[in-house]
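Okay, here we've got a single chain as structure tokens, the form predicted on its own, with questions on binding and movement later.
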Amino acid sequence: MDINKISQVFEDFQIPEEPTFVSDHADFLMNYVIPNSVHLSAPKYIGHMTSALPYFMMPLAKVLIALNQNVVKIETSKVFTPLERQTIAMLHNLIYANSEAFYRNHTHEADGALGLFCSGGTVANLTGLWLARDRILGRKTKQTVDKVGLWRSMQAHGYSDLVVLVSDKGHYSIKKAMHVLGLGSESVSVVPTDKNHHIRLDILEDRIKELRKQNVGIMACIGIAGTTESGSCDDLLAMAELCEKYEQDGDPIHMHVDGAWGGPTIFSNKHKQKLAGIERARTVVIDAHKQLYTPMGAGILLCKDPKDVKAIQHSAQYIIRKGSHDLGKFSLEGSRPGMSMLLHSALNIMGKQGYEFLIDTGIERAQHFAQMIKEHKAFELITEPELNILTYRYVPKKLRGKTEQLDNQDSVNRLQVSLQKKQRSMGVSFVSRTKFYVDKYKQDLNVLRVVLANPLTTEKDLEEILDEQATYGDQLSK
């Protein structure tokens, strides 16, 4: 059923006057909701960043709903507060690897936090940049943002403006965050990337120097650990060195890493070097509902210094009181569920070895798929997989073997869109599509994009997906 017909089922805006039998409403769900949902766990649905879940998540989710805990404060969550703190400490230790004494002192301290659970990567990025903003505007005077507002605090600190630096492959949540923080999307200083989608370090350094001359405060320098379009990772180590080289008032520029997608690569002994330098970031974001395989609604902000969260601390007399262990003191969201229980369970049940297997399998499968594309006459690989995401495009029969004629071919560009829509409408398999500048052709191209994070996807599935696309492409290009 297409989306227009589905929408017609949900047109009635009036609440029923009389109760409905649960069995009757269950029939409604079975007839209209479940069959028209997206089968995100299907092995051939390889265009989404949402994958199949471990078998144990279903019964655990039922337990979570039944308990209905609210982790804003201990009074409404009790054990969930120390459980969440421990879960965050596990991830913090994975990235920052501090001493045992450090975690004994800071995991459960009332006056700080190693990180915060959020409803997703967008809120986690927002929280990280909120923290970065209030840190930079809390160094010189007591005219802090929470007291006098953004403009007066900037004046007191002598800044003409505040910006964040991020590559042109940065997630759109960065601009949303700057909007919410009162700085606007124009305060996102976008740095070009190279042909491999990595931030241009030479331009980044020049931009930092230029902003210094203009007396513009650099709120944060954002590194990407796994771009959503191609899975590329910035050189985090080199970025960290720049942040330390151009420190502000004796404090390195706040380095924030958006590792919502690629952060879990740190589990892999074989591939974690791709994230070298992430341990020097002040804040790091990871989405648990992506490559940590928990249900939707779980993002994490990790803080290198547990005292940093004090920059955004709030309290109230009836709740989250000063001196309490309540995590709601530091989080943007107030009431929120105990999603940490699901991640805590996954970390214990699967362990480091389980996650390493999943990460390694995804990257190896992406590398294999890239080779399949190179060997298939109907396709052209656009981006090599650095992690487990890659892009490619269908090549019409008349242009195969004639790469030079693919330049400036608008019809080829439009064909990728038609092909992706055709495949999606058939409902057998799914790949996504995106558009970005391709250095080889010196222009923006529409490309097909796949995400190989589902361990259920087989090589045979990938072969059949390519064959299906080749068939559709041949039909559409006649």
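For clarity, every value in this text was computed on a predicted model and none was experimentally measured. All residue numbers are counted from 1 along the displayed sequence.
Below, we turn to the form predicted in complex with a further copy of the same chain, even though it does not appear here.
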4.5 Å heavy atom contact, residue 459 and a further copy of the same chain in the predicted bound form: no
Partner contact for residue 42 in the predicted bound form: a further copy of the same chain, 4.5 angstroms, heavy atom: no
Distance check, residue 393 to a further copy of the same chain in the predicted bound form, heavy atom within 4.5 Å: no
Exercise: residue 334 in contact with a further copy of the same chain in the predicted bound form, heavy atom 4.5 Å: yes
Proximity to a further copy of the same chain in the predicted bound form (heavy atom, within 4.5 Å), stretch among 361-369, 175-183, 245-253, 203-211: 175-183
In the predicted bound form, the one of 352, 304, 397, 272 near a further copy of the same chain [non-hydrogen atom within 4.5 angstroms]: 352
Residue among 268, 193, 122, 189 with a heavy atom within 4.5 Å of a further copy of the same chain in the predicted bound form: 122
Those residues of 19-50 which, in the predicted bound form, come within 4.5 Å of a further copy of the same chain by heavy atom: 19, 20, 22, 25, 28, 29, 32, 33, 34, 36, 37, 38, 40, 48, 50
